[in-house]
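One chain comes next, on its own, written as structure tokens: the form predicted on its own.
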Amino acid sequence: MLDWELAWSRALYGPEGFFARGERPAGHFRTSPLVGPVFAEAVVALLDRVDHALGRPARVDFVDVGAGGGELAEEVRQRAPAGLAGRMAVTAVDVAPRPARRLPGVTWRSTPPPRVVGLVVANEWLDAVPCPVLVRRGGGWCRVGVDAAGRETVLDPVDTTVQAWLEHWWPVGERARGGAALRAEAGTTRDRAWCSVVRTVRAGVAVAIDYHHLLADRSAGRVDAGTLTGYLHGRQVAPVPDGSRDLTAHVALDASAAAVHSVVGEPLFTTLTSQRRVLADLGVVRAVPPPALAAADPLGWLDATARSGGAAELTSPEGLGGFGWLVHEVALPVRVLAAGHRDTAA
């Protein structure tokens, strides 16, 4: 038996781990960059706003953290307008080796660059950062152990750091006294990982996009069974840490937001909202092409129909549109997102 956090880390990132050996998200689950060009165009629109806020510097960075197959980095580079593309440095960050196909103009790294002036996007990255998996026993939280077949056991009580995080961010109140089988995933490792990324941004914007839950969900017991799961070949499967599948758990983005405010010294404005709302702000709308276009311009009608379907998928509140966007605007003289989003203070 291994502690779940360690088993998870080895299963994804060890020498024979799922991602370390070169598995790509595209083969196992659908992410926003895989929907079509609409998402990349929205990211370019956000990057252009950041570039404008920075005063159109000689170089502006775009960093894709958790790049997978490099699809988003490639699309952003190709779709940037000429005035931006000539100054843009594109970096894809992933533990997996660089894809075999050519990615001209894209630098591949296993860790984020140390200094960023521009935009960092981590799309479905934090949910794959291993974290403590816990169960409630005898009035307190204990770590969960697991073997390579997925069989679990209860290990030692959590340490003070994890306990403090749980007391603040995953309160159980009266439910703990009722003898319910409560599980949780402590976001301590995700908070540290995200802080390390945001601290690379000297000026610009850092965005984490992910499956998420909020304090209200956790307090109300809506995630009492935890969220740890697996994905394999497009299907949700049991979370077995044998290296055969992706392992993931939803992210407490509100906790990560607060952690960033506690360690980042730059002037900082943070927004926590939904993908649906941000994409609307960036001009993504579902425009159904008129039927007459099919006869007048069949190829144009097919393209418009595909774009309409992509916009619908990206903004559906029951799907990708419900993903959380945690946006940090660092050392910028003006806001880059429209007002009206729900903001998270320090």
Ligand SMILES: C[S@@+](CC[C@H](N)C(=O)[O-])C[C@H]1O[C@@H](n2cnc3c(N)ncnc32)[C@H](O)[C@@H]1O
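One-based numbering along the sequence shown. Predicted model, so just to flag it, every value in this text is computed and none were measured.
What comes next is about the form predicted together with the named molecule, which is not displayed.
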Counting only heavy atoms and a 4.5 Å cut-off, does the named molecule in the predicted bound form sit next to every one of Thr91, Val120 and Thr200?
-> no
Let me know the one among Leu215, Val172, Val95, Leu84 whose heavy atoms come within 4.5 Å of the named molecule in the predicted bound form, would you?
-> Val95
Spot the stretch among 98 to 106, 255 to 263, 141 to 149, 123 to 131 with residues whose non-hydrogen atoms come within 4.5 Å of the named molecule in the predicted bound form.
-> 123 to 131
Counting only non-hydrogen atoms and a 4.5 angstroms cut-off, does Thr31 reach the named molecule in the predicted bound form?
-> yes
Touches the named molecule in the predicted bound form: Pro25 (any heavy atom, 4.5 Å) | yes
Decide whether Val43 counts as a contact residue for the named molecule in the predicted bound form under a heavy atom distance cut-off of 4.5 Å.
-> no
Mark Trp325 yes when one of its heavy atoms lies within 4.5 Å of a heavy atom of the named molecule in the predicted bound form, and no otherwise.
-> no
Stretch 202 to 236 - residues with a heavy atom within 4.5 Å of the named molecule in the predicted bound form | none
